[in-house]
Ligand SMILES: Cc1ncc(COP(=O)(O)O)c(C=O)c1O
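The chain below stands alone, shown as structure tokens; this is the form predicted alone.
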């Protein structure tokens, strides 16, 4: 299928190039020869400025778990819009959202809000260092945790830079990252229990925390092995370090998040995306003891934290509505949609004789054009054929379905079985050149 004509987007991109570097302010949505501009969303579909309609199977990179135009979220946001978008004072809404999150996450007794997942991770790292008095942070190779310097280390490592598996290098993502930052980041392989444990123990009493995502997208969206997570929890306790669980994406895996699904008890949890109902948000939570580093009630806290729009009532009110809509029945529906897609895409692979597979759980899925075993970042990097998956994503876009350039997908409660079937049919057409 040839790409649909997009003259209005082309004109907007020409304007954008005059006032933004490369005409872009989000690297993740950049497209050649020009970006495609959204006009409106409805349910699980986006209409662009040239009136082309596409199924959104990504949901603004996993944040829109209810799709567009959810009535309950719209009503909550409208009420708050009329009352005031932000104040230099707290509001009751931040208490209510916290109560909901604390009820769903047994490891979380108290919360503090930010404006993005990146900020949530940043503050969790700062809090861990303040609480332990130690400098080093450990993270899994290839895992994305936002754009804070320590958290983004080695998220894009390559064979030329990543070093031996027994001692993965701390590789900068952004040019100019200070060597001092890299020296304080301990990189461990994901899902390699004995090697990761040896590296952590070698860091000894300099380790403040281990930062982990139980199903890191950029490392293949492969779930963590139970023994790997058990090792992280055991070793951090033995070393006096803290365990930070990044649930910015994986909180959508179940009513009690990924920690409920994987039975893990972290010290800190970072949240974002779906907890804001489509508005900018982030949060860091944990036991009252570790969260006390933020407490200003006794004077200057160990970790001062403000933020002009932190806990703004628009995000709080929309987030309350979004979470109240995420009932156990809603998660059952999302699970069924994911399973239906798995069955459909596997049938497509078989029909076309393509070696492919789907990773992920619940409403999160990632398509790979390989049948090689995937367990971590390096195995995914070696087997995935990133250029082929990107080409597939571009073809799907022209076929009317939006997925990420690496094959990531996120289903929403706005979808029905018929929408999943339409997505599968688009894949069936898009996969023809890869047969």
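Numbering follows the first chain given and starts at 1. Worth saying up front: this structure is predicted, and the values here are computed from it rather than measured.
The following text describes the form predicted together with the ligand, which does not appear among the structures shown.
Student: Indicate whether the ligand has at least one heavy atom within 4.5 Å of a heavy atom of residue 285 in the predicted bound form.
Tutor: No, no contact at 4.5 Å.
Student: Report yes if any heavy atom of residue 118 sits within 4.5 Å of a heavy atom of the ligand in the predicted bound form; otherwise report no.
Tutor: Contact with the ligand, yes.
Student: Contact between residue 356 and the ligand in the predicted bound form at 4.5 Å, heavy atoms?
Tutor: No.
Student: Counting only non-hydrogen atoms and a 4.5 angstroms cut-off, does residue 144 reach the ligand in the predicted bound form?
Tutor: Because a heavy atom of residue 144 falls inside 4.5 Å of the ligand in the predicted bound form, the answer is yes.
Student: Given the stretches 356-364, 158-166, 245-253, 305-313, which is the single one in contact with the ligand in the predicted bound form, using a heavy atom cutoff of 4.5 Å?
Tutor: Result for this chain: 245-253.
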